[in-house]
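Only one chain is given next, in structure tokens, and it is the form predicted on its own.
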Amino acid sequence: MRLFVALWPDAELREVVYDSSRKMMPKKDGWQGRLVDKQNLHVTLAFLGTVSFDRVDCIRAAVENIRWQPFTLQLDQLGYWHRPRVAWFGVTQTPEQLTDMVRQLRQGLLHCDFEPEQRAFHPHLTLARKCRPPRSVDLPVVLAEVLNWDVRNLALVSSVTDPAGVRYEVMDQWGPSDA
């Protein structure tokens, strides 16, 4: 199984993000690429890659042990990475709660024999792949309208490839801790 741990938005936020991305990245203005299916929108906290079934319980325990309270993630940037050719919504300020959540997750995954991620964490929600912005757009750009996401759950997600493309299946979800 190909797995990752993510912040998983509710249906209402998915609609808002999807509609906003279509407005901000219109093909008529020169944007090229493929929009991410709205059911696949998320913020990856840890990409685990191909994982054997015998490691799933350890991953679940690592996520379950994270202590966190609900917080708001303010998606306030539209950006683009040239190398993977990905457009994204991101944040100018990462909430301390999210930074702590990722730190706890990385620590917990060490006990499951995952190599620690060496790159700094940059929360983003991928909007389009294999894309290219118009030359007239200087990215990243701060959004006129901030998209506020009230984070209420973490998810363990499986990436499934089939003839229709890639789809993500939530295997498990966790809410904020009581502590």
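Bear in mind that the values here come from a model prediction, so they are computed numbers and not experimental data. Numbers for residues come from their place in the sequence shown, where the first is 1.
If you look for the form predicted together with a small molecule, you will not find it shown, but the lines that follow are about it.
*Asks:* Taking the small molecule in the predicted complex, would Lys23, Lys38 and Arg132 all count as contacting it (heavy atom within 4.5 Å)?
*Replies:* Verified in the predicted complex; spot residues all out of contact, no.
*Asks:* In the predicted complex, does Trp174 come within 4.5 Å of the small molecule, counting heavy atoms only?
*Replies:* It does not: once the small molecule is placed as it appears in the predicted complex, Trp174 has no heavy atom within 4.5 Å of it.
*Asks:* With a 4.5 Å heavy atom cut-off, would you call Arg119 a contact of the small molecule in the predicted complex?
*Replies:* Heavy-atom contact with the small molecule at 4.5 Å: present for Arg119.
*Asks:* Determine whether any heavy atom of Thr44 comes within 4.5 Å of a heavy atom of the small molecule in the predicted complex, and answer yes or no.
*Replies:* Thr44 belongs to the contact set for the small molecule.
*Asks:* Heavy atoms within 4.5 Å of the small molecule in the predicted complex: which of the stretches 66-74, 134-142, 121-129, 25-33 has them?
*Replies:* Heavy-atom contact with the partner occurs in 121-129.
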